[in-house]
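To begin, one chain is listed below as C-alpha cells, in the form predicted alone.
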C-alpha cells in the first residue's frame, strides 16, 4: 500500500507528487486543459515524464481524458460531489467502524495527539488545512481499519479527488470548528471501541461536509 508521506524515489515520482498537489490545491485549476509542453517547461522535466505523471493522475481520478480534447483536470461540480460523497460516506463509515475494532491503543493515542495539533490551527488560524498522508485525520482512520481492500479503494482510489473538494471548498469558513468537534467525537467513539457509533458519526460528518461544500458550489455554477 502506498504511503503518501514517503519521499519520492525518482524524478518522475517527484513531478507526479508535485503536480498532484498543485491540482488538489487548485494551483492548476479544476477543469483546465493539461498541456505536456507547458507543464514540462513549468516543472523542468521532459514531456515523457509529464505524460507518465498525467497517466498516474488519471488513475487517481483527478485527471480525465476525452476524445479530441486530451487530458483535463476534473471539474468540481454539485453532481460530481454527490456521487463521490455517497461512496465516501459508505466506505469511510465502514473504515471508522473497523478502526474502532482494529486500531491499537497506541495508534488511538497518536490520533488524539494529532487532533491536539489540529486544535491549535483551528483556534489560531480559523482554517483546517491538513496535508495529505499521516497528518490527515481521515487518512489515519482509513489506515486504522486494517482492511487492505478498503484502504486500496480509498487511498489509491478516491482519496485525492475527495481532497480536491475538501481543500478547495471545505477547509475554511464557519464549518471549521464544527468539523473539528465532529472529529473529536469520532475519535472518542473509536477510543471507546464503539464501532457502531463511530460509523454513524463518520457518516453524519461526511454528510454535513458534503452539504457545506454543495452550498459553496451551487452559486459558482449559477454565476
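Positions refer to the first chain, counted from 1. Definition used throughout: the rigid core is the maximal C-alpha set that superposes within 1.5 Å between two forms. From a predicted model like this one, the values you see are computed outputs, not experimental measurements.
This next part talks about the form predicted together with a further copy of the same chain, which is not shown.
When contacts are judged by a 4.5 Å heavy atom cut-off, residue 46 does not count as touching a further copy of the same chain in the predicted complex.
Within this chain, residue 114 is remote from the site of a further copy of the same chain in the predicted complex, having no heavy atom within 4.5 Å. With a 4.5 Å cutoff on heavy atoms, residue 80 counts as touching a further copy of the same chain in the predicted complex.
When contacts are judged by a 4.5 Å heavy atom cut-off, residue 184 does not count as touching a further copy of the same chain in the predicted complex.
Contact with a further copy of the same chain in the predicted complex, judged by any heavy atom within 4.5 Å, is made by just one of 142, 84, 76, 103: 84. This chain is drawn without a further copy of the same chain; in the predicted complex, the residue among 59, 32, 192, 37 with a heavy atom within 4.5 Å of it is 59. Against a further copy of the same chain in the predicted complex, the set 63, 164 and 200 makes no contact: no member has a heavy atom within 4.5 Å.
Contact annotation: a further copy of the same chain lies within 4.5 Å of heavy atoms from the stretch 65 to 73 in the predicted complex, the single such stretch among 65 to 73, 176 to 184, 22 to 30, 38 to 46.
Shown without its partner, the chain has 51, 52, 55 in segment 20 to 55 as residues with a non-hydrogen atom within 4.5 angstroms of a further copy of the same chain in the predicted complex. Core-superposed comparison between this form and the one not shown: the Cα of residue 155 travels 2 Å or more.
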